[in-house]
Structure formats: C-alpha cells, structure tokens
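In structure tokens, one chain follows: the form predicted alone.
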Amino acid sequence: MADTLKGRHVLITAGPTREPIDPVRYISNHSSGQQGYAIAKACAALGAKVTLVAGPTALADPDGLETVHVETALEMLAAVETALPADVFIAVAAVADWRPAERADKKLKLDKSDFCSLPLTENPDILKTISNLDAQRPGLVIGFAAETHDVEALAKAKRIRKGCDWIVANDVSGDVMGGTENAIHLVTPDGVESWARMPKQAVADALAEEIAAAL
C-alpha cells in the first residue's frame, strides 16, 4: 500500500463520551468506536502520523499510532486542541450533547426528586469548534452524522451548520453503532457519493484513500 499520507498528521476522535451524574451513573450512548479506530488504522497504513482521541471503548489501542484516552466531552476537546496542528481532523466520536450541570459527590437515591429533574448543560461542539478555528484549522475537516431518517438531507445541512469540509453520513436505525458494517454517504461541496454497505474497515480504507487524493 502506497504511503500517500506520509508526512501528514491525521487527528481522529472515536467512541462515545461519558458524562458523570454521580460516582456510579453517567450519560452516554451506544457508540462502539469501531469505525473511528478503523479509520485511524487505515490512515496509519497510508503512512500518516495519527493521533486517536478515544472515549471509553472495549477496543485495544491500535499499533503504530498515538492513542489518547478520555472520558468526557470537555476532556475530548482539550485533547484535540492539544494535539493540533494537524492536516486532517476527523470527528468520528459520538459526543454526548449534554452533561449534568453538576456532578453529585454521592450516589443519588431514586426517591430523590432532584434525580428525576436532572439539570443539564450543553457540551462543547467539538466539530464546529475545530471547523471554525483560524490559524490552527486543519486543511481538511471531516464530521460524521449518525441519523435514523432523512440521512442525506440532514447531513448536507450539518455540513453547512458546522462549517466542516466533508460529512460522512450513516443510517444508524439498525445495529450500526455496535455492528461490523456500515453504508455511508460522503457529503462534500461537490455533492453526495453513496457507498454500498461494507465492513467498517473497508469503509475506513476507502475514506483514507479519498483523504489522500484530496490532499
């Protein structure tokens, strides 16, 4: 395989975030991290220097690249900013949109009314933050859109709203987040390219080739 990304720094987020409610509970989602890890491996295989910022997953750290482990959205954003500059930023992680406004020091009891009306605060939008940087904005910023309906339309709107260059959209109405295959739509300023369902590593390999060609 040609070293078409040699000399390039690719920064990738993967997996979910966990936003603690109390010492035993948290807000999270079903992201397995498989697609993000696969993309990290694919970019490394093309010769890139890869920094993988990973939320909590059951996956082993990929060989030949740097993996930074985080738990929360705030930690993920800080790790991404620390890893800059980069030529490419790929926001694959399923970041929790909200976190508890305050973390309880003790386990909340189910008979407490404050547990049933948990105050939340919005997490930082990592993709939008990096897309709108000035001097340190990567040359290619790619986001992911996990949708259950109107996948292409929502992905096109997200690309504009976030200010990123590409959106990789996938339909997660089935067992995509925990499964081994994905069918994606690559949304760019030039239009939408739909790919057949394939193993997540094959998706990653194809995306890495698209990135190398774009650079």
Ligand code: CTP
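None of the values given here were measured: they were computed from a predicted structure. Don't overthink the numbering: it's just position in the shown sequence, from 1.
Quick note: we don't show the form predicted together with the named molecule, though the next part is all about it.
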* Exactly one of 65, 183, 146, 46 has a non-hydrogen atom within 4.5 Å of the named molecule in the model of the complex; which residue is it? -> 146
* Name the stretch, out of 31-39, 160-168, 183-191, 54-62, where some heavy atom lies within 4.5 Å of the named molecule in the model of the complex. => 160-168
* Asked: Though only this chain appears here, would residue 88 touch the named molecule in the model of the complex if you measure heavy atom gaps against 4.5 Å?
  -> no
* Asked: Are any of the heavy atoms in residue 139 no more than 4.5 Å from a heavy atom of the named molecule in the model of the complex?
  -> no
* **residue 97: touches the named molecule in the model of the complex, heavy atom cutoff 4.5 angstroms** => yes
* To do: Report yes if any heavy atom of residue 125 sits within 4.5 Å of a heavy atom of the named molecule in the model of the complex; otherwise report no.
  => yes
